[in-house]
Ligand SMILES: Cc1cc2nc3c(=O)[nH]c(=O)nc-3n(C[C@H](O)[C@H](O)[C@H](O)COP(=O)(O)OP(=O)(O)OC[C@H]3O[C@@H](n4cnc5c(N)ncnc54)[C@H](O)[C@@H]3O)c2cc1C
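What follows is a single chain, given as structure tokens, in the form predicted on its own.
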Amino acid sequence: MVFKSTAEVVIIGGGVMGTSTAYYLAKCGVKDVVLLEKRYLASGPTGKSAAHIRPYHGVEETIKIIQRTIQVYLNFSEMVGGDAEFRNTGRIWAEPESKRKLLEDAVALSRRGGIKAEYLSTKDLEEMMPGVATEGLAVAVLFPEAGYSNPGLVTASFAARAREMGVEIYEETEVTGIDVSGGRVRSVTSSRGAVSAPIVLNAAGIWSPQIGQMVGIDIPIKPTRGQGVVFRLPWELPSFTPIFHDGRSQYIFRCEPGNLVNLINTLEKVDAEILDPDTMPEDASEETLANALERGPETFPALKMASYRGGYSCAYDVTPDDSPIMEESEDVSGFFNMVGWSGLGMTQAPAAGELMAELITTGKTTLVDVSIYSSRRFKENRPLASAWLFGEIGFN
């Protein structure tokens, strides 16, 4: 493949955000696009994502983005083409009485953004989640359009459609520098050569601070470690369909093909370890396994007889308020950031790709005003509401 030396737009990062933006740029008529990925598509956090489509958040604009994402996933073959392998399992969130208002406020905010939500009785919950311990739970809500996708397939589908429209994608191509002169970007230097372009999109996720340094700006992102563990279901516990978020322990339970159940402790994100994204362990820690073995049976008592099948780690590109940065840099013209998904990237893609393509091509957006996601908010001490809503973080 001959390496292109010029483009209208260079995208740095071959995860779901970079590929979805490439696709939507091409749909907008901007087909002279080069995407550079230092390893291979979805090789970073995208490919390791649990890919939950979680329909609640602390920011109303983000909920609208999630609602748009859900509609795309539900109709992926028609709207994008290819396969997202979206499993529309639904998702239940349940809380004790002390967190009733938290959940009710979150539901009201979600509904304002177009998300479907249905309150459940204890009987409903027990019928939908056989084997669940309901003691201490006072309120439960089903989000029927929620589920999870296959992050690798989603990324590959966006990349394939983008290539069909003329986008050039180069894997195993590491960005080594960005030329800036006269206050604007001029070109990107990579391990394959240089590409001249007036627009550069930083979609490098956990590596985005290093890309920012290449143009002289600081991007407030910390790569943190998220973890999960997988067990084989014991015969006493039947496979269940909705993903279950237990507010007593803040564990997420998701059944997988092969009679497996995946456990993720959302509160681990609060005090998550900050690590080098290039050397981060890929397995779960012994402490994470021990916690899951202790807390999992509190929700599903039969899990005390489950057998361990493995653990995993995934890096989050976390901002100070857990909401993303989507912007054109105030300091460097033509340099755009699309980073900081804080573990909720698959929940917001592909709608985020649509928004970024619109911002690049028109300077504005229609679904929501993305100016609220400018990094300027951190300088002005105007953080957005927490993405995580619960525990010590709070819903504000």
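As the structure is a prediction and not an experimental result, all values here were calculated from the model. Just count from 1 along the sequence shown to find any residue number.
Although it is not shown, the form predicted in complex with the ligand is what the next lines describe.
Of the heavy atoms in residue 226, some are within 4.5 Å of the ligand in the predicted complex. Contact check for residue 370: no non-hydrogen atom falls within 4.5 Å of the ligand in the predicted complex. In the predicted complex, none of the heavy atoms of residue 9 sits within 4.5 Å of a heavy atom of the ligand. Interface membership of residue 204, defined by any non-hydrogen atom within 4.5 Å of the ligand in the predicted complex, is confirmed. Only one segment in the set 345 to 353, 323 to 331, 359 to 367, 55 to 63 has residues whose heavy atoms sit within 4.5 Å of the ligand in the predicted complex; it is 345 to 353. When contacts are defined as a non-hydrogen atom within 4.5 Å, none of 128, 247 and 300 contacts the ligand in the predicted complex.
This chain is displayed alone, yet in the predicted complex one of 284, 315, 197, 261 has a heavy atom within 4.5 Å of the ligand; that residue is 315. The contact with the ligand in the predicted complex, taken as any heavy atom within 4.5 Å, belongs to 211 out of 221, 106, 92, 211.
Of the residues in 285 to 300, none comes within 4.5 Å of the ligand in the predicted complex through any heavy atom.
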